[in-house]
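Single chain ahead, written as structure tokens, the form predicted on its own.
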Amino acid sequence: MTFSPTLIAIAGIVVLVVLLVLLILSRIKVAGPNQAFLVTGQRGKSVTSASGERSTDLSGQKVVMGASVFVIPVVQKLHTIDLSSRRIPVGIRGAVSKQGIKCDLEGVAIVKVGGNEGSIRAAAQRFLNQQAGIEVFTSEVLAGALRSIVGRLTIEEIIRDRAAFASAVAEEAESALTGQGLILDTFQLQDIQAEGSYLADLGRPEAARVLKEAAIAEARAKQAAEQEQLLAQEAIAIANRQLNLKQAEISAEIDAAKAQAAAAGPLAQAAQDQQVLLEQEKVAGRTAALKERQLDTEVRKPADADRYRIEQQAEANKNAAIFRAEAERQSTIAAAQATAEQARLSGEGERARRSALADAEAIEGEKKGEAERLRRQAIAAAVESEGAADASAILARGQAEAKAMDQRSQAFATYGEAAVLDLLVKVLPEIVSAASAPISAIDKMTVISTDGAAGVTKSVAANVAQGLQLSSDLTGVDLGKMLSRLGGASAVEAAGRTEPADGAAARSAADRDGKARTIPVD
């Protein structure tokens, strides 16, 4: 088969166009986000320095970041700079600190190529064909900066403020890295080791302090725990004591209630007997009072009325006799005067007058004597009536008292020795008071006795005992045995008990209502 020349020419043109398109596409380059393209091949501008030297600037180098660029074949050349960050470990050995102590430091730095055209051109000039050298260069620069900073600081300062130390290292290395188109993002100090046991010794005081504080805190906690335990035990003991006291109190109350219940019967009977005695005593008193009023109504007041009537009658008779005698006297005197006047007038008058006057005086004397006799008789009658009335009153009172005594004796016979005891308890304070009366009248007294001031109370007690013995001898009733038998032994013991020797002796005696009372002797 034979192709025409025209067809061959067209096919050649098409192939050429395709090849040209492929060539053009192959020369278009797109930069990644961590890449920078540097296109060279153009001539830079000629500049003249201040010293007059002529040179070519870097304007002929085209820097492309994050964009596409067409690289003219043969004329231009494309270079790529990696803008990624690099983690570079930095370590130095034997660095001397401010105190002259050698130490080893380990750190890490994050370094990258700067993101502007100047940094990219500077980095491209130094590290374009040896970008792995960036790490070595950065490590050496930072190592130098570390040695420089360590020499100006103490190990304590480095440890206490690592951020300030890292900032100082970054400032120290910044100028060197920036000149190479590099940027130090961060620098961190990871570890520091001092020569010998310096760091261990440096922390020992603090560790000892911490250990001391821990031991103190542990001891205090233990002490607090023991105190709390003791307080808890004390609280338990107090609670047990209160429980025991409460149980004892309850037991005592139960015993008291039982004793009270057991004694309720005799006490009630004694109270009832006492009430009966009191009621009978009241009845006897009221009966005596009634008798007294009956005596006043039936005897005394009538006798007083009779006496008053007789006295008034005697007084009236006396006055009548006096009036009559006076009238007779006046009549006699008038007659005598008339007679005397007549005798005077008659010559015989004077003698007769004198005689008449003597007779009149004799008559007057007789009249006065009669009046006095009548008055005395009236007084005697009145006295006799009064005496009779008093005798009747005394008789009625005696009868009432005898009847009251009969009733009392009947009551005493009914209640026997209890009534005698009641009477004895009533009079016992009077006996004790009488026994102590001579001593109470003494203003100042000196006691000469081996017993001291207690001898006074013994003397009073002896007087009381003697009084009781004398009463027993006179009445024939053994009062001591009776008191002991009837439960009154306490009264006898109180009477014979020696009082406290403090000078203010006092003793107990049964008062009238049966309650004990204290009688001061001084």
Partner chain sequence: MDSLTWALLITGGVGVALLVIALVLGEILNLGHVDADGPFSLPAIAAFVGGAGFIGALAASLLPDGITGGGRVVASVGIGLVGATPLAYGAIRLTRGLMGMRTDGTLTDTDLLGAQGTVITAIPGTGYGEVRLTVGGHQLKYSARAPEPLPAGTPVFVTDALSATAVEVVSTAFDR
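Positions refer to the first chain, counted from 1. Everything numeric in this text was worked out from a predicted model, so none of it was measured.
There is another form of this protein, the form predicted together with its partner chain, and it is not shown here; the text below is about that form.
Asks: Between I149, L428, I81, L182, only one gets a heavy atom within 4.5 angstroms of its partner chain in the predicted complex; which residue is that?
Replies: Only one option qualifies, and that one is L182.
Asks: Let me know the one among V47, I28, A462, L470 whose heavy atoms come within 4.5 Å of its partner chain in the predicted complex, would you?
Replies: Only one option qualifies, and that one is I28.
Asks: Quick one: in the predicted complex, does every one of I8, G12 and V74 get a heavy atom within 4.5 Å of its partner chain?
Replies: Yes: each residue has a heavy atom within 4.5 Å of the partner.
Asks: Please run the contact check for S55 against its partner chain in the predicted complex: heavy atoms, 4.5 angstroms, yes or no?
Replies: Contact with its partner chain, no.
Asks: Can N116 be called a contact residue for its partner chain in the predicted complex at 4.5 Å between heavy atoms?
Replies: Close contact exists here: in the predicted complex, N116 approaches its partner chain to within 4.5 Å, heavy atoms only.
Asks: Since only the chain is shown here, I'm wondering whether A163 would be in contact with its partner chain in the predicted complex (any heavy atom pair within 4.5 Å).
Replies: It does: once its partner chain is placed as it appears in the predicted complex, A163 has a heavy atom within 4.5 Å of it.
Asks: Although the partner isn't part of this model, could you tell me whether Q42 comes within 4.5 Å of its partner chain in the predicted complex, counting any heavy atom of the residue?
Replies: Judged by the heavy-atom cut-off of 4.5 Å, Q42 is in contact with its partner chain in the predicted complex.
Asks: If contact means a heavy atom within 4.5 Å, which one of 172-180, 328-336, 244-252, 269-277 is the stretch that engages its partner chain in the predicted complex?
Replies: Going through the listed ranges, the match is 172-180.
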